[in-house]
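In structure tokens, the next block holds one chain alone, the form predicted alone.
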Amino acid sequence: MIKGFSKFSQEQKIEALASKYNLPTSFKEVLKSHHHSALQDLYNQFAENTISNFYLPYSVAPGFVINKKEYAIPMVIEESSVVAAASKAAKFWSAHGGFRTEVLSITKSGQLFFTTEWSLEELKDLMPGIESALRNSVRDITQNMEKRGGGIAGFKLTHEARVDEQTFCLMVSFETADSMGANFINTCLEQMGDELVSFLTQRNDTRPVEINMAILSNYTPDCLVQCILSCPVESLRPYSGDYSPQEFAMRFKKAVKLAKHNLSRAVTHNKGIMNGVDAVVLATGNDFRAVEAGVHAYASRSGTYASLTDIILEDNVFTYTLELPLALGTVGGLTLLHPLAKLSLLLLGKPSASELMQIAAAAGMANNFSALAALVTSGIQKGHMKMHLTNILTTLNANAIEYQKAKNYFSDHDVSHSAVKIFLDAERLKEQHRQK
């Protein structure tokens, strides 16, 4: 065990790891090559025990038309096919009405769990007084948020009887304006916890009250955004491949229905949505882990995990909808602290949190539409692997000439790691013979 690791300098941490685990010189070289000469001190503040930076591509998907406004959407993701798919869908839908989005609600919540001998009925009778006391206890915290249009939205008391008869949850709803609001919510809840103990103890000091936890919830079913795509079925011809637009639309509808009723398919279907959503969330310095947890919980709200999208084919019109919870912020956290997150928000025109929710939803919809369109026509691998050709060639140490030859060859051949290796081996053998 390396003792005192957190107190070491960055250089000492790297040396200690290399020595402890007998790592090659390249371990230190690679870590140091990824240091940022101008911003390393800033990046070191983002996490504990930092020894380097893990870089991901920062890409842009241009041409998104969302509610008649054009965007170039920044995306941070390691998979090139995601950005390509989003860009292709954006171009197509920009000529067919674009992405229509709407924020349905913006409420987030936190939970105050407590244990007491007070009964549920007694606590319900006391709720008006509890609410007033708790609001007053955090007035100094909420006043600035209220000036920005946020604050406490409401309270709801539940009995957690499946845990034990003495445990309760006070669910507090918040609106946090352009902030994601995690720190704001948690600070309010902790102060409310102290006030709740005081309030109940003053009324009966023989009944002990214990706060179990005070924490925001990443389940945000009341922080919802909707995205809609719609066009005449005939307009889908560019995506229909060997099928007629009508056949394509029916195959697409069946794929959506399968994602509604088949668990394994639903997970992958929704993952395709999150390819686009997460890429925007990362690019803007938001918390993609919280978003992922909340979205997948929402997909299970009926008791069965299902698709987040739905489809209507009526009067020869294709209408595709997406609804998902997205608790995002454009102030606080890394949104302005990380230079590229700040740049992303500038590129997007300094959006409000509600506007960013709509942008992320559109990116998710674009990726899901492209994936499903490929699945029901040519298959996912044809386009996916062509986008990965560069990665495969890099892995196999292809030079510039080999790269160009491979690109030409695989323009009309299926791409796979083994196929590319066979091609390169043959080209290299030819080159050896030419040099003899």
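A quick note: this is a predicted structure, and the numbers were derived from the prediction, not measured. So that the term is clear: the rigid core is the largest set of C-alpha atoms that superpose within 1.5 Å between two forms. Numbering starts at 1 and runs along the sequence shown.
Only in words, not in the display: the form predicted in complex with another copy of the chain, which the text now covers.
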Exactly one listed stretch (76 to 84, 222 to 230, 314 to 322, 351 to 359) reaches within 4.5 angstroms of another copy of the chain in the predicted bound form by non-hydrogen atoms, and it is 76 to 84
Answer key: of 308, 200, 216, 106, within 4.5 Å of another copy of the chain in the predicted bound form (heavy atoms) is 216
Assert contact residue (another copy of the chain, in the predicted bound form, non-hydrogen atom within 4.5 Å, options 153, 297, 236, 126) equals 297
I'd like to know if residue 2 sits close to another copy of the chain in the predicted bound form, meaning any non-hydrogen atom pair within 4.5 angstroms. yes
Q.
Can you tell me if residue 330 lies within 4.5 angstroms of another copy of the chain in the predicted bound form, counting non-hydrogen atoms only?
A. no
Residue contact check: residue 428 to another copy of the chain in the predicted bound form, 4.5 Å heavy atom:
no
Might residue 400 be said to contact another copy of the chain in the predicted bound form, defining contact as any heavy atom within 4.5 Å? no
In sequence order, the residues of 106 to 127 that place a heavy atom within 4.5 Å of another copy of the chain in the predicted bound form are 111, 113, 115
Superposing on the rigid core, do we see a C-alpha displacement of 2 Å or more at residue 9 between this form and the one not shown? no
Q) So with the core overlaid, does the Cα of residue 18 end up 2 Å or more away between this form and the one not shown? A) no
With both forms fit on the core, has residue 32 moved 2 Å or more by CA between this form and the one not shown?
no
